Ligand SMILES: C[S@@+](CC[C@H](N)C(=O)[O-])C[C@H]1O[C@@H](n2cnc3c(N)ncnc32)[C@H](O)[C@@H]1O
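Only one chain is shown below, in structure tokens, and it's the form predicted alone.
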């Protein structure tokens, strides 16, 4: 697990500048989740909010507007370069009052009951121990505090990312990771997600599916966006020789054919699981 954490930190630190440049694309891709989560926690003026694995800080921005000047929002990510990306964005957008911190979701450096809401968009599934992270999230919630999260659903429902991962692993002759190993699809099982939230001591659990179609201008656009934003995929491709990369690209072109549109674009589905819960 320590090796996984170190590798994960390195990969997400590496792609942090790309997330800064492509924030608008990320926000468009995940827009349904952001709206659902903010509505689910029903923030009130003056409340305290913690965003975990915050990426470009979108949820912190929306939370800060909801809680107003008397509230307090802590943006966090475990990768310091990602925190710097968010800090720069927040400064540009005028929300410098948001506190930006490097925080490991599996060991949150806050006292018990410190916040009224925890938000985590596309983070728990990538953590070495999501059960621990959820217990930590529940610990820092005040009684009656709310949590909202988003994770990816199953691979078959997310060809935008599943096809590159499957193609690269197949070319390398590597078996797919176990279903519960940290990764994009590790919390796709709604029963497992429900159980983890319950085991963390949370109740009033609600889990829903959100579907969206991603529109890419071309095959090249899809490949660029996916490899720039997906830390695990970037790591897989890092040491592959040019000849092997060409073979992988051809395999991807073949795999993408069912999603081709007239004019050369690609329409690729995505499916997310969103969940909310409350600390008793």
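Positions refer to the first chain, counted from 1. Quick caveat: nothing in here was measured; it's all calculated off a predicted structure.
This protein has a second form, the form predicted together with this ligand, left out of what is shown; the following refers to that one.
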### Message
Please tell me whether the candidate spot formed by 164, 234 and 252 is one where all three residues come within 4.5 Å of this ligand in the predicted complex (heavy atoms).
### Response
no
### Query
Does residue 82 reach this ligand in the predicted complex, with heavy atoms at most 4.5 Å apart?
yes
### Query
Going by a heavy atom distance of 4.5 Å, is residue 189 a contact of this ligand in the predicted complex?
no
### Query
Though only this chain appears here, would residue 61 touch this ligand in the predicted complex if you measure heavy atom gaps against 4.5 Å?
no
### Query
Does the 4.5 Å heavy atom contact test between residue 148 and this ligand in the predicted complex come out positive?
no
#### Entry: One residue of 168, 103, 138, 98 in contact with this ligand, assessed in the predicted complex (non-hydrogen atom, 4.5 angstroms)
103
### Summary
Interface check vs this ligand in the predicted complex: of 240, 66, 214, 26, the one with a heavy atom inside 4.5 Å is 26
### Task
From the candidate stretches 240-248, 53-61, 40-48, 218-226, select the single one in contact with this ligand in the predicted complex, where contact means a heavy atom within 4.5 Å.
53-61
#### Entry: Residues of 18-44 having any heavy atom within 4.5 Å of this ligand in the predicted complex, listed in sequence order
19, 26, 30
